[in-house]
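One chain comes next, on its own, written as structure tokens: the form predicted alone.
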């Protein structure tokens, strides 16, 4: 299987000027190397401030990196592109637009005419379970439904890579588990490459093929763990298995050793 995403020795330093010529430098990432295969689901966990979100935004092309190299299918990453889609923790829906209009905004921006984008929008509304809510506005939806709109909005542009930054962090526990199951069903059906940021060890283990554990700032990859739990995972009690418990305990032990109370850098 050809590697979809390749990072080689990626580093990022934020520089702030506190008046005059004085600089405040924050080393967010240092020499991060990682390969993510086509159609793989990878989660990244780590202590607050370790640069998880910074790394995800660099992969998306939203912010530049200082050193190293990032390629997707052999092409250097330098700016956002349609082969990548980002799902944020904050839903980011436009309150004056309906569900259908929010889902279709990426297609609209790309210049696709209304009649062509209508069936695409409808398909993804149905896939995420929002059929019947096409004409509703964000304020009329629950948090879980709003996040479904955000996911459908990204899927509608058909990216090869989906980048997800704590997408379920603001949801209640029950809705969060339902959204995890929904995401796995969609991923299993659509065969996308996913990089998923989370603070939840359980969520990372449940969703992923591999879990990347990052160290405290400057963020580096401390360990890469294979998750060998069978799939699909929504039709049996994977969280009750000894394998799940052992992997969760191992990750928690690593993170507990890194809990030094480091302040978060910009973008994390």
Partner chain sequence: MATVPRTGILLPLKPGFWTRDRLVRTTSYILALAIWEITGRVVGPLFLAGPSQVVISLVEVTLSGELPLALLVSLQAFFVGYVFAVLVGIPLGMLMGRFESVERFFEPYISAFFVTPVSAFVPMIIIWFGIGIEARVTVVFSFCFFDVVINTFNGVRDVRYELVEPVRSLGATQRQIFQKVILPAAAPFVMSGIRLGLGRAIRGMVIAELLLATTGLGGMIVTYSAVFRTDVIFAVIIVIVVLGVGSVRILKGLESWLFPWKESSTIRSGFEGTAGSVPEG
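Numbering follows the first chain given and starts at 1. Predicted model only: the values in this text are computed from it and were never measured.
Form predicted together with the partner chain: not shown, discussed below.
Checking 134, 166, 177, 108 against the partner chain in the predicted bound form, a heavy atom within 4.5 Å turns up for just one residue: 108.
The partner is absent here; in the predicted bound form, the one residue of 93, 162, 151, 121 having a heavy atom within 4.5 Å of the partner chain is 93.
Screening 96-104, 168-176, 192-200, 124-132 for residues having heavy atoms within 4.5 Å of the partner chain in the predicted bound form returns a single hit, 96-104. For the chain shown alone, residue 86 is a contact residue for the partner chain in the predicted bound form, at least one non-hydrogen atom being within 4.5 angstroms. Using a 4.5 angstroms threshold between heavy atoms, residue 139 counts as touching the partner chain in the predicted bound form. Using a 4.5 Å cutoff between non-hydrogen atoms, residue 62 counts as a contact of the partner chain in the predicted bound form. Using a 4.5 Å cutoff between non-hydrogen atoms, residue 186 does not count as a contact of the partner chain in the predicted bound form.
Taking the partner from elsewhere, no residue among 7, 30 and 77 has a non-hydrogen atom within 4.5 angstroms of the partner chain in the predicted bound form. Along 40-58, a single residue, 57, places a heavy atom within 4.5 Å of the partner chain in the predicted bound form.
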